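Just the one chain here, laid out as structure tokens, in the form predicted alone.
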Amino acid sequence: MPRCTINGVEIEVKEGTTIIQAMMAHQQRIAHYCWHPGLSVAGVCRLCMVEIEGNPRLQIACNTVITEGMKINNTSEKVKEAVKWGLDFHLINHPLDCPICDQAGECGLQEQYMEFGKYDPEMAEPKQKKRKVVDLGPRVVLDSERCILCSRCVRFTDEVSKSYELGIFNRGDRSEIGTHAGKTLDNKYSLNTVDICPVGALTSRDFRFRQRVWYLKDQNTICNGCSTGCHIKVYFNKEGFFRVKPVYNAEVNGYWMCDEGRDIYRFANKENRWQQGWYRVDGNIVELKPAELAQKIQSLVTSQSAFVVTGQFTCEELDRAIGMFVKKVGASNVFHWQNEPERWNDFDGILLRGDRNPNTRGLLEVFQKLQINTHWDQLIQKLQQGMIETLIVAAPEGVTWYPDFKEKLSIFSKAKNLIWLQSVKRKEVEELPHKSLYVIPLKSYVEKNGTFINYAGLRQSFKAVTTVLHETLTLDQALGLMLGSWEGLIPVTQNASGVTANAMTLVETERPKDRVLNETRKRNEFIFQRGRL
């Protein structure tokens, strides 16, 4: 392994490591735009300049491989001057859009100017005007004036999605990003181009102009959109959840995630959730707190009950809930509701899999542990023969990936009593003309601690992001109450701090000391986020 010295620090690196990779791995700051660890080297921005002892010219760090004994620095005045005027060149035609730009607050251009620029511009000619609000596809909008031609987005569509929609057209200062004739940026990974854009040129149509990023908080969790189990970061504030972005994980998703997975934040938002439990009596709707309703229907869970569950719940929930049900009723009445099982082995070659549940492996482990060997046809047969009086259904949170949802609902409605457990509000359930229907709201994936096991058997634990609806229940809590157990529950009118639940929405479980409560954060933001000038 070659040894080298970077900014006076001696380090050892793997054979073939470039200078910029070594600097990033050892927390050495370096200016760059076009380099991205998940893409090929383009070397077009010329900002990652370094000085190598014995070499009369400055070199770019992204395309220079470290050799034994190399002495490198990017702190000399020669390097600083080169980077400063490199930035000036990049910003010659860049518009002053910061006040209206979605990228403001997380913009690589702003950050690098403040760290490596701070020059006095000497451009006398008028800026080159280009197209704004260019519709590249159903999810991405381009502002050509802001683009610095780093080519990251082009390389992504060529190397990762392999959909080849984007290219750089024209020459000189008239060059701009665009789609090839007859194509739109419409692949399943298109929003990754927005993530890797170092400026505000590419923006998400869904997130565009909805929030300033400094009004958002974020936390890591696991995507529940399919059995890959991508590592993600969800962004939220008092008003709700606004976006999802990937978090690098070498074992699972690398630097990317699919566009469909970015929509999972919608499931957690209050307006899409059942906020109270309810049941229908003689055609009338009666509302109750979820815990009260679960207690009320204890008498319905008898030896003639069945339990239907999906792989969208955590290992811990499934183990406790199914375990309690098997002990009370028996293993022969637990059934696995699968989304399109004929497509489970589908894989797009990047990340997206046909099994649209994050924890199918975890569910099957519980089935094996409890010796559950039931088949879906057995459930249908028992319902048709009237052998099941009460059917408890733990419905999926990501219903959009269950195209047979209405069909299954009509099958379930053959039971005398239907107990529906779900976090997301569904019109089809509300309109179900069932005489004995009970709906108990569950917690969303962002409100739970737990573990998912992905398609490869990798166990991934995650923590609750925040609480949206305090009175909703986890799957095991709902089953426990229906079976007469209060284990792990707190009074339904108060949270752990003794504060009335109705007064609390979307407040973090572990609030950082340097941040104010979400309720007052907007008007006080300037106190905590002062500018660097």
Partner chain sequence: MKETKVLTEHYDKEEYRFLEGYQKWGGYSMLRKALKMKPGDIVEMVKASGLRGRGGAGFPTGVKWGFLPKNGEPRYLLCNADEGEPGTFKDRLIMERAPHQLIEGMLIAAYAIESHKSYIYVRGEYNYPIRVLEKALEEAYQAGLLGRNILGSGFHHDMDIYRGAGAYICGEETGLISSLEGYKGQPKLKPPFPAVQGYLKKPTIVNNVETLAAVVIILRDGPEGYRKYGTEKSPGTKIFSLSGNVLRPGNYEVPLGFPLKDLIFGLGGGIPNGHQLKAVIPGGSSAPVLTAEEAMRATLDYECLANMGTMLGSGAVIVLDDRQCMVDCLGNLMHFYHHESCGQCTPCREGTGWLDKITQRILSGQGQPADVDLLFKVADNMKGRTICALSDAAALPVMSFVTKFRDEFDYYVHNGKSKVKGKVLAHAQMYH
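Only a predicted model underlies this, so the values are computations on that prediction, with no experimental measurement involved. Positions refer to the first chain, counted from 1.
We do not show the form predicted in complex with its partner chain, though everything after this point is about it.
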### Message
Check for me whether its partner chain, as it appears in the predicted bound form, comes within 4.5 angstroms of all of C197, L216 and G254 - heavy atoms only.
### Response
no
Answer key, its partner chain contact in the predicted bound form at 4.5 Å (heavy atoms) among Q128, N249, T400, T184: the residue is Q128
From W376, F169, F405, F347: within 4.5 Å of its partner chain in the predicted bound form by heavy atoms is F169
Worksheet item: Is the gap between V326 and its partner chain in the predicted bound form 4.5 Å or less for some heavy atom pair?
Response: no
Check your understanding: So, in the predicted bound form, is A82 in contact with its partner chain at a 4.5 angstroms heavy atom limit?
Key -> yes
Within a 4.5 Å heavy atom cut-off, is G38 in contact with its partner chain in the predicted bound form?
no
Practice item. Considering only heavy atoms, tell me if N63 and its partner chain come within 4.5 Å of each other in the predicted bound form. Key: yes
In contact with its partner chain in the predicted bound form (heavy atoms, 4.5 Å), from 407-415, 145-153, 310-318, 187-195, is stretch 145-153
Contacts from 31-52 to its partner chain in the predicted bound form (any heavy atom within 4.5 Å), listed N to C, are V41, A42, G43, V44, C45, R46, M49
